[in-house]
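Next up: just one chain, as structure tokens, the form predicted alone.
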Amino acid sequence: MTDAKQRVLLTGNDAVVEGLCCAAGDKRRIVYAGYPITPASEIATRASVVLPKRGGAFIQMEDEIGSIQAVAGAGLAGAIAVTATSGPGFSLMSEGLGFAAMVESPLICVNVQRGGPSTGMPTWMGQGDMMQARWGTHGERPVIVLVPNSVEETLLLSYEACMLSQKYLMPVVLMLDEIIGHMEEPITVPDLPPIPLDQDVEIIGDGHRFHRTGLTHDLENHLPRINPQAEEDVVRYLLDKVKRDAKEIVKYETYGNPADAEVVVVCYGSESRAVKAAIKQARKKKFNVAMLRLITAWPFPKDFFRKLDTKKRVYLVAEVNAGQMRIEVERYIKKGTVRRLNLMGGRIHTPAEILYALKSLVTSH
């Protein structure tokens, strides 16, 4: 790990590994299992060099299906377990993410998004996997999805993903995109406290009669129980772990005052960097606008949107897809109007494009 007091130039993909090392400290073992895929491959490259030197393990798997199952096992064994991929690999990991949620394995899955569908644009950015991160697994499962917009925040959210996965015993997804993954920024690696292993959590290989199954099971011994009541009990239990603490988990950033603004631009990831620049220019022109950046995509900050929905205003959802998070905003806005500003992939909007959209909305509104 980099010296905590040294200012260094890192990419977002580099910062993922640094965040994991901060979480592990000197005592926890990090296990990375993955399959190389653009634009996430640099995470594996750095992990392959850094982790073995720290007593961790790097495993290049045969594919993404094997990768997610390997880290699900590593999480149950007490390691900080992580894998990284991009769109096609994320699709292959869908079943394994549901399995990890069901067996309560703490793991981190990093998705460095690119343009899709299918092979799409491997070396260009996209934000088309947001709904997949929420709903991509069959059945119902708890979901925590974090979305950074800088190299420094990537490090911090990688660390937080470790903390949340350990606290709630579940997979946590970190959604970068190609721009965040490959951009370089000078940062100071913070001195963060290592995340300890909870002594009350059972660890596979430590003791007798440890059992985990992907089947519906009882909550006491995790033994299969295939009946409607057992299914009700286990799924409610898994969902409630996140639901009960959603208000504490949710994070967002505002710029300007959304409560007073005529237009609120909702954004996330690298797109938010252009949005903030446009909002600054718009406010200099005396436009009454503000930004709301999602840091946790899931749980969604629904309470904040409900509080904002007190009068007619416009919510412009700017994202690099056909309007995935716009659908979620629309669920909680009844008095206002939700509009969208979309690109299909490859680049973010320019500040000028966002400013043009704002001008037309403020004028017409």
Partner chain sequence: MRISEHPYADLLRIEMMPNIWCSGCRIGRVKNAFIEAIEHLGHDHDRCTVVSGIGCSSRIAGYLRLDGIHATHGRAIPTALGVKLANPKLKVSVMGGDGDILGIGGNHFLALGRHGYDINVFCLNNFGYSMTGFQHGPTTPLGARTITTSAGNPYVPINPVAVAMAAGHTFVARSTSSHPYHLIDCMISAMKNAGPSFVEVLIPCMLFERRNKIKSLEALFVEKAKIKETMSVEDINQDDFTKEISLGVFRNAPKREKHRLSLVKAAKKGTGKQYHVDFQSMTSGIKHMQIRMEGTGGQGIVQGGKTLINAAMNMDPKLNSTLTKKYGPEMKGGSCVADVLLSSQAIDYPFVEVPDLLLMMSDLVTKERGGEVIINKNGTIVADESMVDFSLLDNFPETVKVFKMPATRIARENFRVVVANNVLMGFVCKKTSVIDKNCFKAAILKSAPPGTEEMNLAAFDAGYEFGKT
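All values reported here derive from a predicted model rather than from experimental measurement. Numbering follows the first chain given and starts at 1.
The same protein also has a form predicted together with its partner chain, omitted here; what follows describes it.
Residue-level contacts in the model of the complex: of 153, 178, 104, 160, one residue has a heavy atom within 4.5 Å of its partner chain, and it is 178. 66 is the sole member of 336, 66, 323, 36 with a non-hydrogen atom lying within 4.5 angstroms of its partner chain in the model of the complex. Note on the interface: of 189-197, 239-247, 128-136, 268-276, the segment with non-hydrogen atoms within 4.5 angstroms of its partner chain in the model of the complex is 268-276. Across the proposed site, 7, 77 and 213 without exception bring a heavy atom within 4.5 Å of its partner chain in the model of the complex. Contact annotation for residue 124: at least one heavy atom lies within 4.5 Å of its partner chain in the model of the complex. In the model of the complex, none of the heavy atoms of residue 340 sits within 4.5 Å of a heavy atom of its partner chain. Its partner chain is not drawn, but in the model of the complex it has a heavy atom within 4.5 Å of residue 182. Among residues of the shown chain, residue 228 is not one whose heavy atoms approach its partner chain to within 4.5 Å in the model of the complex. Interface residues of 278-293, taken as those with a heavy atom within 4.5 Å of its partner chain in the model of the complex (partner not displayed), are limited to 280.
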